[in-house]
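The chain below stands alone, shown as structure tokens; this is the form predicted on its own.
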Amino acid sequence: MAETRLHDNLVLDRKGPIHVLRIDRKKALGALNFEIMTALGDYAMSLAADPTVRVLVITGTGRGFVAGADIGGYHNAAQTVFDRFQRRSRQTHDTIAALPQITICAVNGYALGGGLELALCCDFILVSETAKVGLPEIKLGLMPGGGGTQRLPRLVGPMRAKDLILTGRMLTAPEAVEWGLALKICAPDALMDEALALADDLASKPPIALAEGKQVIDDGLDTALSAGLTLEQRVLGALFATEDGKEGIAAFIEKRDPNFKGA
């Protein structure tokens, strides 16, 4: 992979249609500050406009994926500074969640507070056996502000979301999978191999159908069932008219591998 440092604490590796973004702040367990959130958001905005990239994998370094926001930056901070950071976090999280590319979060260690909220913006979450996830803001007299109160209930249900948010406790990797918060558990030294294998599989799929399928699922979560079903049929009809749609059907009939071109 070709490695680029987007920021002192952000490393980007490129492998054809797959990007791997690694948060590299080992001593602080990946804690996010305003500068890192800004760099993340800027990268996500540029990625959204890049049709050559089909899958993004986000991971961390060492024992921490992201152990939350950099709380030291909160201490004695003015309200305007705090609010500015929260607005920046909202923009970054929303941009990542709305990416047309498929996103995979490979949680290598602690994913707490803003770390779990970043993971929740991704389409798939894989966890290392050593991972711990949670939203401990209640212990600071606060609550999640990066989407935790909204994205988590949509994934695991309101009762389990209240359990995590109102107690501040952490889940182990097996608990995260049991709750449906993560897709699978991986051995620590196999986590990235598993994430990249999934990324390779997804990147081989027709890109238009991949992006549209993701969008229809996400949009359907926030609409009535009848409206979602109408959207599904409309998008399916449009996909049938694409060159990739024709190629996929022809390849099936001819018993050969399809050659999808994103058209």
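None of these values were measured; they are calculated from a predicted model. When you see a residue number, it is the position in the sequence shown, counting from 1.
Absent from the display: the form predicted together with a small molecule. The rest refers to it.
- Not displayed here, the small molecule is approached by A67 to within 4.5 Å at the level of heavy atoms in the model of the complex.
- When the small molecule is considered in the model of the complex, M170 lines it closely, a heavy atom lying within 4.5 Å.
- At a distance threshold of 4.5 angstroms between non-hydrogen atoms, P136 is in contact with the small molecule in the model of the complex.
- Residue contact with the small molecule in the model of the complex: G72 places a heavy atom within 4.5 Å of it.
- Taking a 4.5 Å heavy atom cutoff to the small molecule in the model of the complex, the contact residue among L29, L202, A211, A39 is L29.
- Between 181-189, 111-119, 155-163, 94-102, the stretch whose residues reach within 4.5 angstroms of the small molecule in the model of the complex through a non-hydrogen atom is 111-119.
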